[in-house]
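Only one chain is included here, represented as C-alpha coordinates and corresponding to the form predicted alone.
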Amino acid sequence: MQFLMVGAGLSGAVIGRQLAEHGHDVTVVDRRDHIGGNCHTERDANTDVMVHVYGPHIFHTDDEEVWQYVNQYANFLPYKNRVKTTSRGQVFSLPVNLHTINQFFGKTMRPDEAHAFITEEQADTSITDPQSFEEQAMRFVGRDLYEAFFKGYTIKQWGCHPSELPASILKRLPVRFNYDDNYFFHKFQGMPENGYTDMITGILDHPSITVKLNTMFDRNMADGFDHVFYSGPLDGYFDYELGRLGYRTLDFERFIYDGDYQGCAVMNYGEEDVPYTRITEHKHFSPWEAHERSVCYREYSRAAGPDDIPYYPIRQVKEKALLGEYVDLAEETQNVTFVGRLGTYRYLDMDVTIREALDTARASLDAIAADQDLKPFFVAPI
(Lines give C-alpha, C1' and ligand atoms only; values in the text may rest on other atoms or scores of the structure.)
Protein backbone atom coordinates (compact mmCIF):
# COMPACT_ATOMS: atom_id res chain seq x y z
CA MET A 1 0.00 0.00 0.00
CA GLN A 2 0.96 3.65 -0.43
CA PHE A 3 0.98 5.63 2.82
CA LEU A 4 1.41 9.36 3.44
CA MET A 5 2.80 10.55 6.78
CA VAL A 6 2.06 14.21 7.49
CA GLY A 7 4.79 15.36 9.85
CA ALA A 8 8.37 14.12 10.21
CA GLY A 9 8.35 14.05 13.99
CA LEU A 10 8.30 10.99 16.23
CA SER A 11 4.78 9.84 15.32
CA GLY A 12 5.27 9.97 11.56
CA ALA A 13 8.76 8.49 11.69
CA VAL A 14 7.90 5.55 13.95
CA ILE A 15 4.65 4.63 12.20
CA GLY A 16 6.27 5.06 8.80
CA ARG A 17 9.21 2.83 9.71
CA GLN A 18 6.94 0.06 10.99
CA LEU A 19 4.85 0.12 7.81
CA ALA A 20 7.93 0.23 5.57
CA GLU A 21 9.42 -2.79 7.32
CA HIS A 22 6.26 -4.70 6.42
CA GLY A 23 6.57 -4.01 2.71
CA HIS A 24 4.58 -0.80 2.29
CA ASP A 25 5.71 2.38 0.56
CA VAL A 26 5.80 5.47 2.77
CA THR A 27 6.08 9.16 1.89
CA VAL A 28 6.77 11.59 4.74
CA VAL A 29 6.09 15.31 4.25
CA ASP A 30 6.86 18.18 6.59
CA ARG A 31 6.35 21.92 6.20
CA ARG A 32 9.66 22.68 7.93
CA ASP A 33 13.13 22.39 6.41
CA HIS A 34 14.18 19.68 8.87
CA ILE A 35 12.91 16.45 10.35
CA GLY A 36 12.26 15.81 14.03
CA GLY A 37 9.40 18.20 14.69
CA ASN A 38 9.78 20.01 18.02
CA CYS A 39 12.41 17.43 19.06
CA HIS A 40 14.80 18.85 16.44
CA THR A 41 18.39 19.29 17.61
CA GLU A 42 21.37 20.84 15.82
CA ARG A 43 24.94 21.91 16.51
CA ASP A 44 25.38 25.63 17.06
CA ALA A 45 27.93 26.91 14.56
CA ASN A 46 29.51 29.37 17.02
CA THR A 47 29.87 27.19 20.11
CA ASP A 48 29.49 23.58 18.83
CA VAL A 49 26.86 23.06 21.55
CA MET A 50 24.03 20.62 20.72
CA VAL A 51 20.96 22.85 20.85
CA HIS A 52 17.38 21.72 21.44
CA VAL A 53 16.00 24.19 18.93
CA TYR A 54 12.38 24.17 20.15
CA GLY A 55 13.17 23.82 23.82
CA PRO A 56 14.67 20.95 25.83
CA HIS A 57 13.47 17.37 25.45
CA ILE A 58 14.59 14.86 28.07
CA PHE A 59 13.90 11.20 27.52
CA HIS A 60 12.46 9.30 30.48
CA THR A 61 10.31 6.18 30.58
CA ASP A 62 9.39 2.99 32.38
CA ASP A 63 8.46 1.37 29.06
CA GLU A 64 11.27 -1.09 28.37
CA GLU A 65 10.19 -1.78 24.80
CA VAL A 66 10.24 1.93 23.97
CA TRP A 67 13.64 2.30 25.62
CA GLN A 68 14.99 -0.58 23.55
CA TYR A 69 13.41 0.90 20.43
CA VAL A 70 15.12 4.30 20.69
CA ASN A 71 18.43 2.64 21.53
CA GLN A 72 18.32 0.90 18.17
CA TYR A 73 18.73 4.27 16.49
CA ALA A 74 20.82 6.27 18.95
CA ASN A 75 23.39 5.80 21.67
CA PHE A 76 21.63 7.05 24.79
CA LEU A 77 23.89 8.31 27.55
CA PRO A 78 22.83 8.77 31.19
CA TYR A 79 21.16 12.07 31.99
CA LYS A 80 19.29 13.09 35.13
CA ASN A 81 17.17 16.23 35.02
CA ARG A 82 18.00 18.30 38.07
CA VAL A 83 15.97 21.49 37.97
CA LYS A 84 16.73 24.55 40.07
CA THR A 85 14.50 27.53 40.77
CA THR A 86 15.27 31.09 41.80
CA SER A 87 12.82 32.54 44.31
CA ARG A 88 13.05 35.23 46.98
CA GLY A 89 16.73 35.80 46.27
CA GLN A 90 17.76 32.18 46.71
CA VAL A 91 18.27 29.10 44.53
CA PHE A 92 16.31 25.97 45.48
CA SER A 93 16.05 22.44 44.10
CA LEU A 94 12.94 21.13 42.36
CA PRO A 95 10.86 19.12 42.71
CA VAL A 96 10.22 20.13 46.31
CA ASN A 97 12.35 17.74 48.38
CA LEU A 98 13.83 17.55 51.84
CA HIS A 99 16.65 19.95 50.95
CA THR A 100 14.15 22.45 49.51
CA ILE A 101 12.00 22.26 52.63
CA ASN A 102 14.87 22.60 55.09
CA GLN A 103 16.45 25.46 53.14
CA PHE A 104 13.18 27.34 52.66
CA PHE A 105 12.11 27.15 56.31
CA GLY A 106 15.62 27.38 57.78
CA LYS A 107 15.38 24.00 59.48
CA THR A 108 17.33 20.70 59.67
CA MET A 109 14.44 18.25 59.76
CA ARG A 110 14.68 14.52 59.21
CA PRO A 111 12.32 12.93 56.65
CA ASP A 112 9.66 11.99 59.21
CA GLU A 113 9.84 15.42 60.84
CA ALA A 114 9.54 17.17 57.47
CA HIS A 115 6.61 14.98 56.49
CA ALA A 116 4.77 15.82 59.70
CA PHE A 117 5.65 19.52 59.35
CA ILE A 118 4.32 19.76 55.79
CA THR A 119 1.26 17.56 56.12
CA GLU A 120 0.16 18.71 59.57
CA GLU A 121 1.36 22.32 59.87
CA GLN A 122 1.69 23.65 56.32
CA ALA A 123 -0.85 21.79 54.18
CA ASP A 124 -4.42 23.09 54.15
CA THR A 125 -6.21 20.01 55.50
CA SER A 126 -9.59 21.73 55.17
CA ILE A 127 -9.36 21.02 51.42
CA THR A 128 -10.56 17.42 51.12
CA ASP A 129 -11.34 17.28 47.40
CA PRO A 130 -9.03 19.67 45.48
CA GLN A 131 -10.69 20.91 42.29
CA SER A 132 -8.16 23.46 41.06
CA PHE A 133 -4.39 23.66 40.69
CA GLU A 134 -4.31 26.15 43.55
CA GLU A 135 -6.34 23.93 45.88
CA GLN A 136 -4.16 20.93 45.00
CA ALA A 137 -0.98 22.87 45.78
CA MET A 138 -2.40 24.23 49.03
CA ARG A 139 -3.45 20.72 50.02
CA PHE A 140 -0.04 19.26 49.14
CA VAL A 141 2.45 21.83 50.43
CA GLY A 142 0.59 24.79 51.95
CA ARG A 143 0.50 28.47 51.08
CA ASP A 144 4.17 29.40 51.61
CA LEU A 145 5.68 26.81 49.25
CA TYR A 146 2.82 27.26 46.78
CA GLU A 147 3.38 31.00 46.49
CA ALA A 148 7.17 30.68 46.31
CA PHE A 149 7.45 27.94 43.69
CA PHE A 150 4.15 27.34 41.89
CA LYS A 151 1.85 30.35 41.79
CA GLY A 152 3.87 32.85 39.74
CA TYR A 153 5.36 30.22 37.44
CA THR A 154 1.92 28.81 36.69
CA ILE A 155 0.39 32.22 35.97
CA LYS A 156 3.20 32.90 33.46
CA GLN A 157 3.08 29.43 31.89
CA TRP A 158 -0.69 29.20 31.43
CA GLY A 159 -1.74 32.85 31.29
CA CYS A 160 -4.38 32.45 33.98
CA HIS A 161 -4.67 32.15 37.74
CA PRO A 162 -4.01 28.67 39.22
CA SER A 163 -7.54 28.70 40.63
CA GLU A 164 -8.77 28.42 37.01
CA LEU A 165 -6.68 25.35 36.16
CA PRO A 166 -7.63 21.73 36.96
CA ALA A 167 -5.97 19.99 39.88
CA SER A 168 -4.71 17.25 37.55
CA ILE A 169 -1.93 19.50 36.19
CA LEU A 170 -0.14 19.46 39.56
CA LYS A 171 -0.10 15.68 39.76
CA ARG A 172 3.00 15.83 37.55
CA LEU A 173 4.93 17.63 40.33
CA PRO A 174 5.84 15.34 43.24
CA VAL A 175 6.92 16.28 46.77
CA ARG A 176 9.74 14.19 48.24
CA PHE A 177 10.78 13.81 51.84
CA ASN A 178 14.34 12.79 50.98
CA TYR A 179 17.24 14.48 49.19
CA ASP A 180 16.47 13.01 45.76
CA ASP A 181 16.50 15.94 43.32
CA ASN A 182 16.04 13.90 40.14
CA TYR A 183 13.05 15.58 38.50
CA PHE A 184 11.80 12.29 37.05
CA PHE A 185 11.36 8.94 38.72
CA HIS A 186 11.39 6.66 35.67
CA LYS A 187 13.62 3.62 35.35
CA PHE A 188 15.18 4.69 32.05
CA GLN A 189 16.50 8.23 31.63
CA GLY A 190 18.95 9.61 29.12
CA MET A 191 19.85 11.74 26.14
CA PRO A 192 20.84 10.62 22.62
CA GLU A 193 24.57 11.25 22.27
CA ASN A 194 24.21 12.94 18.87
CA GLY A 195 20.80 14.53 19.38
CA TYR A 196 17.23 13.62 18.52
CA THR A 197 17.41 14.63 14.87
CA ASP A 198 20.19 12.09 14.31
CA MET A 199 18.01 9.43 15.98
CA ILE A 200 14.95 10.25 13.86
CA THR A 201 17.14 10.29 10.75
CA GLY A 202 18.01 6.69 11.58
CA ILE A 203 14.36 5.74 12.01
CA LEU A 204 13.50 7.23 8.60
CA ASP A 205 16.48 5.60 6.89
CA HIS A 206 14.70 2.86 4.94
CA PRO A 207 14.56 2.24 1.18
CA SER A 208 10.75 2.30 1.20
CA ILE A 209 10.57 5.72 2.92
CA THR A 210 10.72 9.00 0.98
CA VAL A 211 11.02 12.26 2.91
CA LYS A 212 9.92 15.59 1.42
CA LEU A 213 10.69 18.72 3.44
CA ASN A 214 9.46 22.28 2.89
CA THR A 215 6.20 20.67 1.78
CA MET A 216 2.89 22.03 3.00
CA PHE A 217 0.17 19.37 3.28
CA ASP A 218 -3.01 19.85 1.34
CA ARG A 219 -5.94 17.47 1.63
CA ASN A 220 -5.85 16.97 -2.12
CA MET A 221 -2.48 15.25 -1.66
CA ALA A 222 -4.31 12.32 -0.08
CA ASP A 223 -5.74 11.34 -3.47
CA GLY A 224 -2.46 9.70 -4.47
CA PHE A 225 -2.30 7.46 -1.40
CA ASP A 226 -4.25 4.60 0.11
CA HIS A 227 -4.17 6.14 3.59
CA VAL A 228 -2.89 9.19 5.45
CA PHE A 229 -1.44 9.33 8.97
CA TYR A 230 -1.80 12.94 10.05
CA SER A 231 0.21 14.33 12.98
CA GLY A 232 -0.54 18.00 12.38
CA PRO A 233 -3.12 20.04 14.31
CA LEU A 234 -6.51 18.32 14.28
CA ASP A 235 -8.36 21.57 13.64
CA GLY A 236 -5.86 22.47 10.93
CA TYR A 237 -6.77 19.39 8.91
CA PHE A 238 -10.28 20.80 8.59
CA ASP A 239 -8.99 24.32 7.83
CA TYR A 240 -10.24 25.52 11.24
CA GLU A 241 -13.80 25.54 9.94
CA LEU A 242 -15.26 25.20 13.44
CA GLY A 243 -12.77 27.55 15.08
CA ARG A 244 -9.28 27.15 16.53
CA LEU A 245 -8.35 24.92 19.44
CA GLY A 246 -6.43 26.79 22.12
CA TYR A 247 -2.70 26.34 22.66
CA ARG A 248 0.08 27.98 24.60
CA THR A 249 3.21 28.74 22.62
CA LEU A 250 6.77 29.62 23.61
CA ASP A 251 9.06 32.46 22.59
CA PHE A 252 12.79 31.90 23.02
CA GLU A 253 15.28 34.68 23.63
CA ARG A 254 18.50 33.01 22.60
CA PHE A 255 21.87 34.30 23.77
CA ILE A 256 25.47 33.10 23.84
CA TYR A 257 27.57 33.36 26.99
CA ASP A 258 31.35 33.03 27.31
CA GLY A 259 31.68 30.48 30.09
CA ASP A 260 29.09 28.76 32.27
CA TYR A 261 26.01 30.96 32.65
CA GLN A 262 24.04 29.23 35.43
CA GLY A 263 25.75 25.92 36.25
CA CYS A 264 22.70 23.79 35.44
CA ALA A 265 20.51 22.89 32.48
CA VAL A 266 17.24 24.37 33.77
CA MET A 267 16.69 27.32 36.10
CA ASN A 268 13.06 28.18 36.80
CA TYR A 269 11.91 31.63 37.87
CA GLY A 270 8.87 31.27 40.08
CA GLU A 271 8.15 34.93 40.75
CA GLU A 272 5.52 36.64 38.65
CA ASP A 273 7.50 39.88 38.22
CA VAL A 274 10.21 38.01 36.26
CA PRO A 275 8.70 37.88 32.75
CA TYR A 276 10.25 34.58 31.63
CA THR A 277 9.45 31.17 33.11
CA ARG A 278 12.92 29.67 32.93
CA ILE A 279 16.39 29.79 31.39
CA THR A 280 17.81 26.67 29.77
CA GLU A 281 21.55 26.24 29.20
CA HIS A 282 21.94 23.70 26.45
CA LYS A 283 25.49 22.46 26.95
CA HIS A 284 24.39 20.99 30.27
CA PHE A 285 21.98 18.68 28.40
CA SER A 286 25.12 16.94 27.07
CA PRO A 287 27.25 16.62 30.22
CA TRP A 288 29.67 14.24 28.45
CA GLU A 289 30.81 17.14 26.25
CA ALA A 290 33.00 20.12 27.19
CA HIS A 291 32.38 23.59 25.77
CA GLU A 292 33.96 26.91 26.75
CA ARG A 293 31.00 28.92 25.47
CA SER A 294 27.30 28.40 26.08
CA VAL A 295 23.94 28.70 24.33
CA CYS A 296 21.04 29.74 26.56
CA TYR A 297 17.30 30.31 26.04
CA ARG A 298 15.04 32.54 28.05
CA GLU A 299 11.54 31.08 27.70
CA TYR A 300 8.39 33.18 27.56
CA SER A 301 4.94 31.57 27.43
CA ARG A 302 1.88 33.14 25.80
CA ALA A 303 -1.32 32.30 23.96
CA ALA A 304 -0.64 30.84 20.52
CA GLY A 305 -1.76 32.87 17.51
CA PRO A 306 -2.57 31.52 14.03
CA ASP A 307 1.08 31.72 12.89
CA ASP A 308 2.68 30.40 16.08
CA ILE A 309 4.00 26.93 16.84
CA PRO A 310 1.44 25.19 19.09
CA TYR A 311 3.14 23.67 22.15
CA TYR A 312 0.73 22.97 24.99
CA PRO A 313 -2.96 22.15 24.41
CA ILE A 314 -5.08 24.09 26.89
CA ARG A 315 -7.93 21.54 27.12
CA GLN A 316 -10.20 23.66 29.29
CA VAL A 317 -14.00 23.33 29.12
CA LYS A 318 -14.35 25.52 26.01
CA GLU A 319 -11.54 23.73 24.17
CA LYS A 320 -12.86 20.28 25.07
CA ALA A 321 -16.28 21.16 23.67
CA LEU A 322 -14.71 22.28 20.37
CA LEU A 323 -12.47 19.23 20.40
CA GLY A 324 -15.56 17.02 20.58
CA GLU A 325 -16.93 18.66 17.45
CA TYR A 326 -13.68 18.09 15.57
CA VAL A 327 -13.55 14.48 16.71
CA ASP A 328 -17.04 14.00 15.28
CA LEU A 329 -15.81 15.43 11.97
CA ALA A 330 -12.76 13.17 12.02
CA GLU A 331 -14.85 10.08 12.68
CA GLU A 332 -16.70 10.78 9.43
CA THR A 333 -13.48 11.22 7.42
CA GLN A 334 -12.27 8.38 5.22
CA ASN A 335 -8.69 7.10 4.82
CA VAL A 336 -7.01 9.25 7.46
CA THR A 337 -5.77 8.49 10.96
CA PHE A 338 -5.00 11.31 13.41
CA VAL A 339 -1.97 10.68 15.61
CA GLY A 340 0.39 12.33 18.06
CA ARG A 341 0.26 15.39 20.26
CA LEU A 342 -1.34 17.70 17.70
CA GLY A 343 -3.50 15.14 15.94
CA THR A 344 -5.17 14.10 19.21
CA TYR A 345 -4.83 17.46 21.03
CA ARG A 346 -3.12 15.97 24.10
CA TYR A 347 0.09 16.70 25.95
CA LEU A 348 2.36 13.71 25.34
CA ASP A 349 5.85 12.91 26.56
CA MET A 350 8.20 11.45 23.96
CA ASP A 351 8.01 7.91 25.30
CA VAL A 352 4.20 7.94 25.21
CA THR A 353 4.29 9.33 21.67
CA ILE A 354 6.51 6.44 20.57
CA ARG A 355 4.42 3.88 22.45
CA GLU A 356 1.24 5.11 20.78
CA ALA A 357 2.95 5.18 17.38
CA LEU A 358 4.11 1.58 17.74
CA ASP A 359 0.66 0.46 18.87
CA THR A 360 -1.03 2.40 16.05
CA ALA A 361 1.26 0.85 13.45
CA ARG A 362 0.63 -2.67 14.76
CA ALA A 363 -3.13 -2.16 14.91
CA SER A 364 -3.04 -0.78 11.37
CA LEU A 365 -1.08 -3.76 10.07
CA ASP A 366 -3.56 -6.12 11.76
CA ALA A 367 -6.48 -4.24 10.15
CA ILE A 368 -4.81 -4.44 6.74
CA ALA A 369 -4.23 -8.17 7.16
CA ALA A 370 -7.91 -8.62 8.08
CA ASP A 371 -9.01 -6.42 5.12
CA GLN A 372 -10.55 -3.88 7.51
CA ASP A 373 -10.62 -0.08 7.37
CA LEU A 374 -8.09 1.82 9.49
CA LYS A 375 -9.60 3.87 12.31
CA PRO A 376 -9.56 7.69 12.43
CA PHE A 377 -8.21 7.40 15.98
CA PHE A 378 -6.41 4.49 17.57
CA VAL A 379 -6.15 6.57 20.76
CA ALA A 380 -9.26 8.50 21.76
CA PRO A 381 -8.60 12.26 22.17
CA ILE A 382 -11.40 12.62 24.75
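Predicted model, so just to flag it, every value in this text is computed and none were measured. Note that residue numbering begins at 1 and tracks the sequence as displayed.
What comes next is about the form predicted together with a small molecule, which does not appear here.
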Checklist entry - Do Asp349 and the small molecule share at least one heavy atom pair within 4.5 Å in the predicted complex? => result yes
Checklist entry - So, in the predicted complex, is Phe225 in contact with the small molecule at a 4.5 angstroms heavy atom limit? => result no
Item to check | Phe117: touches the small molecule in the predicted complex, heavy atom cutoff 4.5 angstroms | outcome: no
Checklist entry - Is there a heavy atom of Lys318 lying 4.5 Å or less from a heavy atom of the small molecule in the predicted complex? => result no
Checklist entry - Which of 62-70, 327-335, 43-51, 27-35 has heavy atoms within 4.5 Å of the small molecule in the predicted complex? => result 27-35
Checklist entry - So which of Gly232, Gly152, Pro95, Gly246 gets a non-hydrogen atom within 4.5 Å of the small molecule in the predicted complex? => result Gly232
Checklist outcome for this item: The one residue among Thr210, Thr215, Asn194, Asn182 placing a heavy atom within 4.5 Å of the small molecule in the predicted complex is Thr215
